Each structure stands twice: as structure tokens, then as C-alpha cells.
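Next up: a single chain in C-alpha cells, the form predicted alone.
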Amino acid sequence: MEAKQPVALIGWSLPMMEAADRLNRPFVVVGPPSCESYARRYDIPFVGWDFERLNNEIPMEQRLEHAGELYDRLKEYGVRLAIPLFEETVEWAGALNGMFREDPRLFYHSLLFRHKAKMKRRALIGGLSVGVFEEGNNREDVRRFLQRINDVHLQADREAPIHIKPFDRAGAAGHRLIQSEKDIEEKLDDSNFPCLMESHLEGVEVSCEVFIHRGKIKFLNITEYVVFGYSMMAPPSPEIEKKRPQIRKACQQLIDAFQLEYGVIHPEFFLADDGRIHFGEVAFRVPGGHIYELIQKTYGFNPFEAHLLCFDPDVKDEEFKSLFPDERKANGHAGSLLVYPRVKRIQGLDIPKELEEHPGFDRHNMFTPVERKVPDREGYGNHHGTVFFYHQDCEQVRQPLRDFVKHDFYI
């Protein structure tokens, strides 16, 4: 039997390597040079690539022409496919796949997931409901945009807020909520430009983890953002779950608009009170917030394995039949609370007895770190631990996800 050609995992992820091993799929890791000694110690095929430095030095649109060296190194391993795992690796994977398949459009297609203005335009062309948006290059552009939005909102008692986001950052990094002229002066500097400026979208925010193969949804998870940036629950509460058919339709519309054939997308939507679904943004990578762990807890399959299979055009449809369960029949609800220290220097942990005795409490992974100085945060930053919840009753998960957000676990 002919040996399988390896895939390239673009980014360092132990759960993804373990998933590839369980699937008996050979792989090569493309990761930061700092991971090379670990890879050598455990005989992990590895190619070092300094994403952080190169992304700072090379404009996004020019990364295709700088990916040739990486392509040549991966061809030595016989790699046939690149799978992006993290935000900063998406366009590099697109560039590599463009070379593997001799189709450079795959690179330009990947930019739709990395440049928020291009993303919004593509969604709008595809018929999705989006907010008003423009590109901004300085404070004056923001000032004019804020004025235009308020000119049509006609709110006498308060100004309608707008959002400022960098084109290519994940999560809340660089995100600024602007509610007044004063905010423009105090919250923005030259480092915030160029940027996406967009109007505020009302509604309950959810994320979706959409597993796609041959352009169709194989499995849809819906994650409820309980406290945005801090806590989430999957599957969602019944009032959101009943909207699954409409959410599924919006996800398929997004897939069609972006002409997606393979992979996993992580879109965010706003569910308005009047039933409309507004598109926020979409990522083409593993979701954050331990969402894959929540999916595995409640649905019983391994999302990391599913991630690898969905990105692979060579996988047959039969392989998915035994993998995905009925998405409408989850076993309970699982939640994650991301913990961020509010102190500058950590002295210890405070785990309240009420948490450990709560019916929905599952476990936590917090500990007092060796380096006790807390680094400055950008956006929500990197959390210093997670509290996990699980229960058949969604309220036994959702309520503590709200209640313990303000608790100071690190003291």
C-alpha cells in the first residue's frame, strides 16, 4: 500500500498532533522556532517559521511571494495540504495550498478571513445582513463616521456607539468601543490605523463552529456567549437552540458567499429580537475559549479529529457518517470561564467554596505561576486559567458563568 502523504499543521497545537496520530495521518508541524527543541526531543517532524516576525515585516498581501521557502521545505517531506490552526497562520496556509494545488486564488481567498473589511464586503455581496462599515485611516475618519451614524440614528438622549477594529487581529485585540468625541481622543492613537469602522449591532451574540466538507455543513455547534470575552456555553440555552434552523441557514449562506468547500469556520452572529440574524465576523481556524473541549464534553466526538478531516479534500463522505452525532441531541451543557488576573503581581489563588460546591462545577486548571508578574493585556489578553462547568440543566451552567466573572481568583 502506498504511504499516505503528510499534511502540514500550520501552528503548534498538541491536541491537533494527538488527533492526527489517532487518525493515523502523518503530519509535519510548522511552528515558532522556540518549539524546535521540543519537537526534536519527541521526534515530531518540524519546520520552524517565525510567524510573529514575518507578519510584522511583510504586508499581508505580499506573503504569497514570501512563502516559497516554506513550500520548498515542506515539499521535502512530501506534504500535500496545509491546515491553518491559528489566526496568524491562515494566509500562510492559503499561500501554501495555492502552491500545492497550483491555484494562487486560494491565497487571495484566505485573505477574506484575515482582513475584516474584505470579509465584510464579501458577506455583504453574498446577501448577509451586516452593519454599516468603512475603512478608517486616522481620527478624523472616525470622527466623520461617528457623525454619519448618529445623523441617521436620531437619538437625542445618547450617541450611537461605533466599533474600531484592526483588520487582521483575532478576538478583542485592538477593539475599541467609541461612544463620543472624547473617546476618539482618549482611546485612539496612530497604532489603531488603518482600521475597520462599523456600527453597533444589537442582539444576543453567538459563535458557530461549522464543520464543512464539499461545501456542505457536516456538523454545526452553536456557542452562547454568556459574558462576552469571558464565558461561553455549548450547546446554547433553549431560547437560542430553537433558532438553530435559521442559524444553520445563515451559516450555509455564509459558506456559499465565501465559496467554501473544505474546512471549519468560526463565525459570530447577532440574534436580534425581531428574528433577524446579523453577521459579525468569521475566522478560519480553531476557535478559542476551549470551545472544542466543550463540544467534546457534550457531543462525545473529538473536534480536533473532525477539524483535520474537514480540511482534507481526499476524505470520503463515508468517514463522516460515524463521526458526527445528531447536533440536536447534546448530552447536557458545558461552559468555560476564562480567568484574567486583575492584579499586577500574583500572590496566590482564591477558589471560593461556593464554586467548588456548585452543582454545575466541573473542574479548573488554575495554579500559582512561577512568574508572578502579570504582563500587560491587549484586548482580553491571554487568560491565566479556566473554570469548566457541566450540567444537564443549562441554568446550572449559565448562572455561574455570570456570577463568577467578577470574582478575583488571583490575589
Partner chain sequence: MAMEMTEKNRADRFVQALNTLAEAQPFAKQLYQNHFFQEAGRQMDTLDGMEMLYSYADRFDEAGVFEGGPWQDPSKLQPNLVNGSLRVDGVESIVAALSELRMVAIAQGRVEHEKVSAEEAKEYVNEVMALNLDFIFPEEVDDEGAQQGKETERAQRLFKVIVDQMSLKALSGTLIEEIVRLSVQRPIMVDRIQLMVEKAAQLMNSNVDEEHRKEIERYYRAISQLTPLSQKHSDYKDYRQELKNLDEGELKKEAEAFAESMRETGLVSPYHVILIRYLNRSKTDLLPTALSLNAKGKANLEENLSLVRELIKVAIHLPTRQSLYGFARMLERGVLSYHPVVPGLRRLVELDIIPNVRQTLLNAFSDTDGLTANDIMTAGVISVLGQPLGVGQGLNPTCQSARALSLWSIHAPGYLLELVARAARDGDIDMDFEGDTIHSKDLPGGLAPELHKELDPVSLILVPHLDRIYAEMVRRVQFRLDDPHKWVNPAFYGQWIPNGFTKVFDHLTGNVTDYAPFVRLFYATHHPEYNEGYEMTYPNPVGICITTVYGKMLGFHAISIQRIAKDPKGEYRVYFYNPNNDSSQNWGQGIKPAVRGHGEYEGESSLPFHQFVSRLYAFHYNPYEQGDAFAVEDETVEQIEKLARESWGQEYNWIGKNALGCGYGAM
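Since we're looking at a predicted model, the values are computed, not measured. Positions refer to the first chain, counted from 1.
FYI, the form predicted in complex with the partner chain isn't displayed, but the following is about it.
Put simply, Glu356 is close to the partner chain in the model of the complex: some heavy atom of it is within 4.5 Å. The shortest heavy atom separation between Arg363 and the partner chain in the model of the complex is within 4.5 Å.
Although the partner is absent here, Glu18 sits close enough that one of its heavy atoms falls within 4.5 Å of the partner chain in the model of the complex. Put simply, Ser37 is far from the partner chain in the model of the complex: not one heavy atom of it is within 4.5 Å. Contacts to the partner chain in the model of the complex (heavy atom within 4.5 Å) from stretch 27-49: Tyr38, Arg41, Tyr42, Ile44.
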